[in-house]
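Before any questions on how it binds or moves, here is one chain, the form predicted on its own, in structure tokens.
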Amino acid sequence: MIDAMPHLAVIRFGLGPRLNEPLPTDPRAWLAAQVTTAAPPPEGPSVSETLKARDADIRDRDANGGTPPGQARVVPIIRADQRAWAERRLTATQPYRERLVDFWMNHFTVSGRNGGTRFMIGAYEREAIRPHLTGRFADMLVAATFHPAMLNYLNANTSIGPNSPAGQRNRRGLNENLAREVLELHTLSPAGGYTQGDVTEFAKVLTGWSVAERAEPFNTVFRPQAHEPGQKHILGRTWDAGQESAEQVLRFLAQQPATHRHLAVKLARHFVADDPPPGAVRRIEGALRDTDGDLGAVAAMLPTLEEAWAAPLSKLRPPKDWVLAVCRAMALPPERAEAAIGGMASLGQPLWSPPQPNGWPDTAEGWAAPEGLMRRVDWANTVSARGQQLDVRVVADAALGPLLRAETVTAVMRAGSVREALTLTFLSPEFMRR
């Protein structure tokens, strides 16, 4: 019997096989090696450089009476970062790491739908997510929360303590967005038992943290004049005023059992099943608890879960993952990165632009609507036109191997053209799932 595990490893934990590239001979060792040894990180401008570019654009706009639109520098940054994202995934030799990056980017969502955030998202991935991918969850939480992209996206940069000198002078007050999303989405979840009072008190703790967008250091800054004075009370504990209190609260939240449980459910849902198996959730939760939130240990443990291999092709690929799998199955070169970016947008999952702070859905229910599936038909037919030179049977075997159903083979062999055969392959039930 042909071993399906090499294909399963690349599909369930990776981005799908790339045509003409070998599959791992030892899938579990291949996945483990990606946790312990990282490829060189992607290059790109720092958030400080992007903020400087934005400031220069604004100054040029203002100097010209409001025209040109003031995006001459930041638009190329956005395009280059998005293209680099797609190029890296089309040719990734460590696709498991890229899946982990995308998982945590979705967990700590910042969205390009906020125009003031869009140009910082590439830097956010490079600075807040990738460096902590196999480190401590608490460190990633702190880095993500204090990054200018997050502060801007959730309006924390405009939050001012009502009783602070700035609040008394400007009659401005709290913005609770960041405090609420950290508690609800990033750490405890509603099951953690926090109250609206905890949200308000945490928002007070976060006051003073802002972004220097029009001056040095062009990065995150703490403005003492905007920080709410006095002690704050969160989850039964008291926190003193001051710059250090926000990080102290974040690290406290990262260690809570409710946080471990919340993360375990999300990881099991992403890598195992839409309805996370309780045993898998318990193991992930235990690993987070016993290692003080060591994400490297968790990433190494996920492929050892028997539940992750027990139900192959049980999860519908969201548009992003399906588009990347199609492009890799056709061995599209990096210079065709726009095909992946455009495909994601046309299927309703534009890169780095989720509609809400809770990120993109991670279950079939979020993506299986008839309109969305019909868009896949149209896009598969369009992109398949680029594969006229391909041997379709080779493509199907490379992409799915022993997971390829006889019914799909029959349909592909009866197709009237290479384009139609490729389209049928990519729309097959087994290719649409991971």
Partner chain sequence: MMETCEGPRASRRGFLLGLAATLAVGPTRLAFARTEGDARLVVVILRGALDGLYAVQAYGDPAFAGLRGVLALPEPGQENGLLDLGGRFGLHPAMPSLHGLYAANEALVLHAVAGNYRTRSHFDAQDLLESGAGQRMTSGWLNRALAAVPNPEQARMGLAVGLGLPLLLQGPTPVGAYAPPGLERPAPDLVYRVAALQAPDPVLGPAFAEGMRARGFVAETLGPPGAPDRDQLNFPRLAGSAARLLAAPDGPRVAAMELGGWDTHAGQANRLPPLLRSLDEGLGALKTGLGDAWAKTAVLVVTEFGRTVRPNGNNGTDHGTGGVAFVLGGAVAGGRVVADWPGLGGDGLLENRDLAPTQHLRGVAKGLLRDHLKLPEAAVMAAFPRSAEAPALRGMVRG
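Here the structure is a predicted model, which is why all the values come from computation and not from measurement. Numbering follows the first chain given and starts at 1.
Beyond the structure shown, there is the form predicted together with its partner chain, which is absent from this document and is the topic of what follows.
Although the partner is absent here, residue 33 sits far enough away that none of its heavy atoms falls within 4.5 Å of its partner chain in the predicted complex. In the predicted complex, residue 58 stays away from its partner chain, with no heavy atom inside 4.5 Å. In the predicted complex, residue 381 approaches its partner chain with a heavy atom inside 4.5 Å. At a distance threshold of 4.5 angstroms between non-hydrogen atoms, residue 198 is out of contact with its partner chain in the predicted complex. Contact with its partner chain in the predicted complex, judged by any heavy atom within 4.5 Å, is made by just one of 177, 220, 117, 134: 177. For the candidate set 386, 52, 375, 393, a heavy atom within 4.5 Å of its partner chain in the predicted complex is found for exactly one residue, namely 375. This chain is displayed without its partner chain, yet in the predicted complex the stretch 355-363 from 355-363, 88-96, 136-144, 223-231 comes within 4.5 Å of it by heavy atoms. Taking its partner chain as it sits in the predicted complex, the stretch 208-222 never comes within 4.5 angstroms of it through any non-hydrogen atom.
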